[in-house]
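Only one chain comes next, encoded as structure tokens, the form predicted on its own.
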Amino acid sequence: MPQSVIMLGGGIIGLSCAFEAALRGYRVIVLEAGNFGGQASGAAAGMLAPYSENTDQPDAFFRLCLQSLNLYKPWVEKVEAYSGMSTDWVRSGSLNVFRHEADLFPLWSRIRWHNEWGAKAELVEGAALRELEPGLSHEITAALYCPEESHIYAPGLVAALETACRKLGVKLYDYAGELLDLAFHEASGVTVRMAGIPAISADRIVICSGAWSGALERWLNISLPIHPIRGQICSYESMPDDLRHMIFSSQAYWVNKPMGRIVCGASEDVAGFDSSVTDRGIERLIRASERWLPHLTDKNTAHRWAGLRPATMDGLPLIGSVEGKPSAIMASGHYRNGILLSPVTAMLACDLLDGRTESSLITAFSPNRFTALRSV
């Protein structure tokens, strides 16, 4: 009989891992305390932008993000084929915009190393910039154009993954309530007890609990300094030509979605587990929108929302086997890159389920790295 595996958490990472594990023949159960994709996934603009998000050097995190971007096309096609649903993946390219000439000097080294890793980036100015994106403020001096970046509709991807998992026979439990106990058995296996459902046992567990993963320290016996960062987002009604590319500025980003909404994010703050929307957070986004995209001035926001992003102490995700718990694998702490990192995280987690040794790619993301620091 195939091994059984619990995915503890039903956000984008948990559903992606469940989808991949089911394709590999595992009997999969997903346990989600609330609704699927309700926190970090719901607060995501769905940007697949490893070059724009990583500007300093091609470190291990950049390489992880780039590998995931390269996996996206076949992975999305597979999700859509199994679900029968569109994810609205758009290869729009991106523009990082700048107002001052002094901002352009550091760009040349960035362009050089980005292009060594396949970005096809170039600096655009004047008439060429206006042709690419007519709606930008005329105060913008230049922009870094990267045609290889793209975006996806995060709620649509979550819905498609959920449907694909159901069609593959994955057992999905949402609104399962608070985690009460996580018991590892001496021989093998694990039992999870949550407030809203009977206890469930399996051979293995992949922990995808996002911002709530820190609460598992007492059961895993490792240090998990994960905390929630509230990300607030708003949107405006739009037409397809209102914005052709993803736009990144020093104050905010904007993405035009196929359903007729420009999404603007993200105002971030530390508010514990409070995911409410604040006027102050949204007003920051509105001011930035009026400054960089003048056609949004005096337009009312169509929607405002927030979600909790799981941030680690060093800003890197936790991916790998849990020391001393052979039944447990960690896939959490993706902060603002959960949508981008879904395919590669699912692949790496399921490689570990298959018994393959940990890839050198994830050495820097070991879930045990903070425990070693604590003991020093």
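This structure is a prediction, so every number in the text was calculated from the model and none was measured. The first residue of the shown sequence is 1; numbering continues from there.
The protein also exists as the form predicted together with a small molecule; that form is not presented, and the subsequent description refers to it.
With respect to the small molecule in the predicted bound form, the three residues P74, M85 and L157 uniformly fall beyond 4.5 angstroms at the level of their nearest heavy atom. Shown alone here, A44 lies within 4.5 Å of the small molecule in the predicted bound form, counting heavy atoms only. At the 4.5 Å threshold, heavy atoms of M194 reach the small molecule in the predicted bound form. At a distance threshold of 4.5 angstroms between non-hydrogen atoms, S68 is out of contact with the small molecule in the predicted bound form. A residue is said to contact a partner when one of its heavy atoms sits within 4.5 Å of a partner heavy atom; R63 fails this definition for the small molecule in the predicted bound form, lying far away. Screening G320, P343, P317, G307 for any heavy atom within 4.5 Å of the small molecule in the predicted bound form leaves a single hit, G307. Among the residues I200, I111, L179, L172, the one placing a heavy atom within 4.5 Å of the small molecule in the predicted bound form is L179.
You can rule out all but one of 347 to 355, 24 to 32, 55 to 63, 320 to 328: in the predicted bound form, only 24 to 32 has residues with a heavy atom within 4.5 Å of the small molecule.
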